[in-house]
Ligand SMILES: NC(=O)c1ccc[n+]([C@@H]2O[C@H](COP(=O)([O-])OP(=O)(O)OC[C@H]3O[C@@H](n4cnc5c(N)ncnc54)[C@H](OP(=O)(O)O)[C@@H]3O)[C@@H](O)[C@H]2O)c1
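First, one chain by itself: the form predicted alone, in C-alpha cells.
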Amino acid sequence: MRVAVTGSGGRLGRAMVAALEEAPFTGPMGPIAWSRPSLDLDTITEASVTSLIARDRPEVVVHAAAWTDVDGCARDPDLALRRNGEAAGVVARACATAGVELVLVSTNEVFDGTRTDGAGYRPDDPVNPPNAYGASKLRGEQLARAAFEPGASATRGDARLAIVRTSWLYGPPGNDFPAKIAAAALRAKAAGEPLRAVADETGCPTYTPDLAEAIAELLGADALAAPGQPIGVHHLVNGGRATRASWAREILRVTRIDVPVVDVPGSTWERASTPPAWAVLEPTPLPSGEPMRDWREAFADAAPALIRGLPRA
C-alpha cells in the first residue's frame, strides 16, 4: 500500500511517517512524506494536490497537516478556516476525484465541551465548536464528507474517507504541554512559588506515536469505514482521562520536580481562544479489539525524552 502523509514535518506527521515505516503493508518503499513547500496550506490548490497524486501515486493520503495554534486561530479565524477547513476540502476533492482514500485528522474541539454526564463524546454526538479552531476543523470535516459522498465525483470509484478525531496531542519534538509544564514548574520553584494548573478542563492526553500506530492499524486492517460505507468516523485517544492539573502532577512526579501544585480555573489566564471544559472522547474500537493504552502508560514512554531536555541543576 502506498501511503502519503501531509504535514510530515509536524508533530503528528513525523509520528505517522515513523509508524508507516515499520508497517509491513507499506512495503520496501515506505511512506511518502508530503511537507512544505510541496504541500503548503497557504498556497494549496486542487491542481497542486492532483499533481502530487499523479507524481507519487498514493492509494491513501493521511492529512495530518493543520494549523493547531488554537489561540492563533481565535485571533485570525479566517486564516484558520482557510488552513484547516478549505485546505482539507481541497485535499479531499483531489483524493476523491482520483479514487484515493483519505484519512482526515480532526479534533475533540468540534464538540462544545458542555456535557456534564461524565460520558465521552461519541462520533454521532451533535457537534458545536466553541472556538475558531474547532470551527475550522469542523469545516474541513464537512468539506471532506461532501467530496466522498456517493455521487460527489464521477471518477472516484469506491474510495473511502476516515475522519479521525483525537485530543490533547503531545510528543516529539517537544514544545508541548508536558514540556511547557516542566519549564513552568522549574520557574515556579526558582521563585519559591507553587505551580498553578487548570483544574476545570478535562480531556484525554494522547501520545502522537500511539495515535499514529492506531491509524496505521486502521489502514492495515482496511477498516477506514464500515463495510459498504464511504465514510467512517473514529475517536482515537489514549485511555483514561485527566484534568490539566492532574496531568501536571503526573509530569512533576515523573520528572521529580518538587514544587507544590495549586488548582485554579482556566479563567485565571486570559486567552484568545475558549477551550472546551469537557474534552473527553469516547474511544471507538480498533480492528484488533485492543484499546489504546492508558495515558499514564503512554506518558511513561514519553518521559525520558522530556527529562533529557530539562536544564541540569
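All of these numbers come straight from a predicted model, not from anything done at the bench. Residue positions are given as counts along the sequence shown, with the first one as 1.
Keep in mind that the form predicted in complex with the ligand is missing from the display, and what follows is about it.
Worksheet item: Using a 4.5 Å cut on heavy atoms, which of 68, 48, 246, 274 is close to the ligand in the predicted complex?
Response: After the contact test, the surviving option is 68.
Worksheet item: Taking the ligand in the predicted complex as the reference, which of 241, 83, 160, 235 has a non-hydrogen atom within 4.5 Å?
Response: None of the other options qualify; the answer is 83.
Discussion item. Which is the contacting stretch out of 185-193, 114-122, 220-228, 133-141, given heavy atoms within 4.5 Å of the ligand in the predicted complex?
Written reply: In the other structure, the partner sits against 133-141.
Worksheet item: Given that the partner is absent here, does residue 64 sit within 4.5 Å of the ligand in the predicted complex, heavy atoms only?
Response: Looking in the predicted complex, residue contacts with the ligand include residue 64, since a heavy atom lies within 4.5 Å.
Practice prompt. Answer yes if any heavy atom of residue 202 is within 4.5 Å of a heavy atom of the ligand in the predicted complex; otherwise answer no.
Written response: Outside the cut-off, so no.
Discussion item. With a cut-off of 4.5 Å between heavy atoms, is residue 169 one of the residues that contacts the ligand in the predicted complex?
Written reply: Although the ligand is absent here, residue 169 would touch it in the predicted complex, with heavy atoms inside 4.5 Å.
Worksheet entry | Close approach of residue 10 to the ligand in the predicted complex, 4.5 Å, heavy atom | Flag for residue 10 set to yes.
Worksheet item: Across 23-47, which residues bring a heavy atom to within 4.5 Å of the ligand in the predicted complex?
Response: In sequence order, 36, 39, 40, 41, 42 come within 4.5 Å of the partner.
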